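One chain follows as structure tokens, the form predicted on its own.
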């Protein structure tokens, strides 16, 4: 066994030992894991067959509302994050003092969980989809802006140097030397966040931010497992369809078609 492999084994054993110690200190009920799994299978059995309780139309409408929330939040965050990401990049704004407040603002926006944002907006604007849209927008804004700024900073410098040698100013160099490199990757990231936002929007409904999560929370509260199964299947079907469409769009972008 080489030195690198021996070091890897030692680190692995250290991580396992620390995990076991942490579980012991936290008092995790490992003895209850077996009965918990049995109970989980029992709940799964109660979900069959799925039923809608005559409210399939209401469920589908709420699912469309969830997708609309995710789409609105993704578009708003994608548009707003674009200039912020450029201004947060060192290639565009060399001054560290000018970039620092913007970069820290991105960190704050993405560090607060979407559920916390949802609770804040529910208290600010009331229950409903608008609070969910704003919560998703805030967390996506910080993340997309940071991803774009880092992508710009890691873009190839060759085209920029060529343009500057030809007499282009800084903004012309960014427009024609950097943006063509980063736009396909940025668009792909925005599409991925649209998929992710559908799942997040479902969770936000549990705290009153609209969408299908509201109905899912109600059914879970009263243990109506067959309707829960219907809602879960609708969510899975929607996420699968959006994932396929988004993957197709990303492949087209990567191929330049």
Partner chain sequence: MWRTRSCGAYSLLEITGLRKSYGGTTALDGLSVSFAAGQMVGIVGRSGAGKSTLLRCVNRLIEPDSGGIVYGGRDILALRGSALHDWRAECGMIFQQFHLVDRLDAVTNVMLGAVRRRRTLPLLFKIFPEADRRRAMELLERLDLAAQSGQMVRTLSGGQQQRVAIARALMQGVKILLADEPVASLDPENARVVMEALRGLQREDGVTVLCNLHQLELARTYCDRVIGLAKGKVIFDGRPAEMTERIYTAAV
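Only a predicted model underlies this, so the values are computations on that prediction, with no experimental measurement involved. Numbering follows the first chain given and starts at 1.
A second form of this protein, the form predicted in complex with the partner chain, is not displayed here; the remarks below concern that form.
The stretch among 125-133, 143-151, 70-78, 167-175 whose residues place heavy atoms within 4.5 Å of the partner chain in the model of the complex is 167-175. With the partner omitted from this view, the residue of 106, 155, 163, 92 that lies near the partner chain in the model of the complex is 163 [heavy atom within 4.5 Å].
Contact annotation for residue 83: none of its heavy atoms lies within 4.5 Å of the partner chain in the model of the complex.
Taking non-hydrogen atoms only, residue 101 never approaches the partner chain to within 4.5 angstroms in the model of the complex.
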